[in-house]
Every structure is written in structure tokens, then in C-alpha cells.
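Before any questions on how it binds or moves, here is one chain, the form predicted alone, in C-alpha cells.
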Amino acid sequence: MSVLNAIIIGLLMGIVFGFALEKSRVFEPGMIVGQMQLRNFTMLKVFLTAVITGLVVIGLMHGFFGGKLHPKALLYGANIFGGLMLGAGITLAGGCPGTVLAQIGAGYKDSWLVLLGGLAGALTFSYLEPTLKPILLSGGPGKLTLDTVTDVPFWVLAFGFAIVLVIVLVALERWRPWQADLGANYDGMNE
């Protein structure tokens, strides 16, 4: 793939992602904090939809079109510590790397601080990485994937998990409809 094609595909994916963020309202700080407090499940539903889509596309590419998987190594320290730090930061800031530009575009003034904080955190980590590397990048089984552990083809697992997640998504939507989470004026029309 040429660099130009990669840029075009990246821009198109960014446009689709931004459109989905805006329409679902999951970029709003209140929506993000509500998800972290388990009061609002719209964000979870949107991300489950993305995971289902990804499973189907990657399953098709791997199972039928020769696509290759390149998993990263499972590192307990990095995954647990990094996940906790990211989750705490998202909850405190009401924003994350994927939503901060949408927040800036929507006019949330505090989102500039979230962006600067994220950049400062990345810069700080880059300086601390040599010290943290022995702690965070050790203690894991390496490249561990479910298809190698179970000896079941990846595409079968991907489609199976996609079906299970669709069932979870439907049950979640029946339990908490998205209109209830977004409020009575979810469509922007005054009644």
C-alpha cells in the first residue's frame, strides 16, 4: 500500500469515527464520566459495536483473504498499570485521546487542558521509559492468542465472539435503551 493510499484510508476512517462519536455523543465529558460510573451505557454500546465490526472484518480478512495477525506480547505490569492509569485519567478528565479533538471541535474549553495533559504525559513517559521498562515490560507469557491456546481457527473464534457480543449488545439495549441514556432531547428537536 502506498503512503498516499494509507493517508486517504486513515482520513476516511477518521471521518467515520468522528461522525460516529458526534452522533452517539460519546465524546461529551458527561457521557464519558457517566460510563465510568456505570450510570450511562451508550459508550459501552458504541464500543461493543466497534469490536463486533472489527471481529467480523478481521475474521473475514484472516480466514478468507490471507490476512496475517501480529499480536503484541501480553505483559501483565504494562497492561494492568497502564489500564488503571488510562482509566483514572479518562474518568478525571472526562476525555480520552480518541475524543479530545472532537471535544475541542465542539467547543469544550477544558478539552485543551486534556490535550496538553495527554501530551505532557506522553512526554513524561518517554523520559521515564528506561527506568520503567524493567518493571512494566516483564512478567508475561509473550504473544498469547486464544486461537493458539484452543487450536481453533481465528476466524471461527472471531465470528463466535461477534455473535456472543451481539447478544450482549441487544440485551444491554433492551435493559437500557440509548434514548434513555441520551435524554428526552437526544435528537436536538425541542418538543
Partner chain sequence: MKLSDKAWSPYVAGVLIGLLQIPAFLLINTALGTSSSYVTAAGTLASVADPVITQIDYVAKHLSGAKNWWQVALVIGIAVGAFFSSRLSGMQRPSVSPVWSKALGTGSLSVRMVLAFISGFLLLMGARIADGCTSGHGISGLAQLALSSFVTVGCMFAGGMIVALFLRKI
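The structure displayed is predicted, hence computed values, not measured ones. Each form is matched to the other, and the largest set of C-alpha atoms that superpose within 1.5 Å is called the rigid core. Positions refer to the first chain, counted from 1.
If you look for the form predicted together with its partner chain, you will not find it shown, but the lines that follow are about it.
Among heavy atoms of Gly140, none comes within 4.5 Å of its partner chain in the model of the complex. Mapping the unseen interface onto this chain, Gly30 counts among the residues with a heavy atom inside 4.5 Å of its partner chain in the model of the complex. Not displayed here, its partner chain is kept clear of Phe64 by more than 4.5 Å at the level of heavy atoms in the model of the complex.
The shortest heavy atom separation between Leu157 and its partner chain in the model of the complex is within 4.5 Å.
If you take 3 to 27 and check each residue for a heavy atom within 4.5 Å of its partner chain in the model of the complex, you get Val3, Ala6, Ile7, Ile9, Gly10, Leu11, Met13, Gly14, Ile15, Val16, Phe17, Gly18, Phe19, Ala20, Leu21, Glu22, Lys23, Ser24, Arg25, in sequence order.
With the core superposed, Pro71 shows a C-alpha displacement of at least 2 Å between the shown form and the other one.
Relative to the superposed core, Ala171 shifts its CA atom by less than 2 Å between the shown form and the other one. One change in the model of the complex concerns His70 and Thr99, whose Cα atoms lie at least 3 Å closer than in this form.
Note: the CA-CA distance for Ile8 and Thr53 expands in the model of the complex relative to this form, by 3 angstroms or more.
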